[in-house]
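Before any questions on binding or motion, here is one chain by itself as structure tokens, the form predicted on its own.
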Amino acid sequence: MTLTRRSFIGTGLATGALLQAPMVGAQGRPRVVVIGGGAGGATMARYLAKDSEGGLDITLVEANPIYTTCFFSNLYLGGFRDFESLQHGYSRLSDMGITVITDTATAVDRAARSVTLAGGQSLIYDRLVLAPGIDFREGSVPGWSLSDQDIMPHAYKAGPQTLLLKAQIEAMPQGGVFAMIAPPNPYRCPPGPYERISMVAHLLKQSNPTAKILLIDPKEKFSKQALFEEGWQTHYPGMIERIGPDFGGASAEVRPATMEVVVDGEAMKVDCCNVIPGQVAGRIAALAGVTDDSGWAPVMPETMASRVDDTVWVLGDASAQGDMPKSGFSANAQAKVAANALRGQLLGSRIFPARYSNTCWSLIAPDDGVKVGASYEPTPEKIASVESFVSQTGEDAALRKATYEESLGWYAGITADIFG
């Protein structure tokens, strides 16, 4: 199916219905607090508000007054988008009657059903929605910690880190070396590191064509591998070298003070190093006590409610839900299913059977776009893939260009669907 801005909005709901008994809070309208204003949280807040006709008291807590999407941020690194095109505010959500608070949640008391904010405010909820995205697993890359992010940026939470990484790439000397430490599974946006390699290669091809790219990867294989490797050979021959686990990619370390990476005991000087660490659910999910030993939050596949506490719902990257990748598309799709289910639980409106979908587009070079995706259904154990698709190697230029243009329509559509 080809997605456009118009056709994207409204995806995630299916036919069929089930009526639930309403729940009314003792203090009037049921109170829903949403933590995190990205693809999961902002979509959830918006869909609850637009379909509940004022029946819910909705508060959205987000640390940043302007949200910068991590999806499509690689295209900024490659020079295909300006930074401002990635940034979105919350004024339209406020206009819908959603209370938007710019602050950070620091504690959750599930017994009291309250959330404490860094600014000292306490929020009482009937239902809590956690959509905090990711945090980084300390020690997952030997030699690197968050205190080193200004020397070796991760740029896997879009914003200042994205600007910093691009500035460092542009400052590389002629013939210099760019290195990436790719993350272990599972992590946000499976094709993301490899699209980033493509975009860095495109940028360097224009301004620093003798530069080299070193991709240090702990994984045996990665998303869209054949497509990326074909594209790298076609567009950037001789520029990109991948070191997998068989050659030390799983045990690499970094030395930020000397700008070195160490692979299989050999230290190599680099001029720019993008370290993407191992990942876990955003910290507030752990503080709320809804994560397990994996660092992610298990959820009920048909609703996205926590398996630990059915008054808490977890969306997007932070959730452990099954087969869906951690992506903006997934978070948005999950939020629409969850909003329908939560609204039905609180107000007695119709609940539609859950259906989920995802597509991840990647740009390899100008007008050379590829994609992978699937549709999903809940089972008792997990959200399970039922049908999938992926671009093929050897596709003609017109199809690749159309795939890239489709991704532009999707970005316009999903950001309108999230932020209004």
Partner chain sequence: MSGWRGLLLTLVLAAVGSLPAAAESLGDESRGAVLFNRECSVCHRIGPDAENRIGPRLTGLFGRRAGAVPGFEYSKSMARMGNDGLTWTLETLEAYVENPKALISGTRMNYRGLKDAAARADLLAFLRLHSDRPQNIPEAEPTARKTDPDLDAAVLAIKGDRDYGEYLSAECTTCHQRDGTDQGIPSITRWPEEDFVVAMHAYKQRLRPHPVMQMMASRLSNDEIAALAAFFADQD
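Positions refer to the first chain, counted from 1. All values reported here derive from a predicted model rather than from experimental measurement.
Omitted from view is the form predicted in complex with the partner chain, to which the following refers.
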Thinking of Gln149, Leu164 and Ser198 as one candidate spot, does the partner chain come within 4.5 Å of a heavy atom in every one of them in the model of the complex? no
For the interface check, one of 33 to 41, 56 to 64, 390 to 398, 362 to 370 should have non-hydrogen atoms within 4.5 Å of the partner chain in the model of the complex; which one? 390 to 398
Quick one: is Thr69 in contact with the partner chain in the model of the complex, heavy atoms, 4.5 Å cut-off? no
Does any part of Asn340 reach within 4.5 Å of the partner chain in the model of the complex? Heavy atoms only, please. yes
With the cut-off set at 4.5 Å between non-hydrogen atoms, does Ala354 touch the partner chain in the model of the complex? yes
Trp144: touches the partner chain in the model of the complex, heavy atom cutoff 4.5 angstroms: no
Heavy atom within 4.5 Å of the partner chain in the model of the complex: which of Tyr90, Phe329, Trp232, Tyr187? Phe329
Since the partner is left out here, which residues of 391 to 420 would have a heavy atom within 4.5 Å of the partner chain in the model of the complex? Asp396, Ala398, Leu399, Ala402, Glu405, Glu406, Leu408, Gly409, Trp410, Ala412, Gly413, Ile414, Ala416, Asp417, Gly420
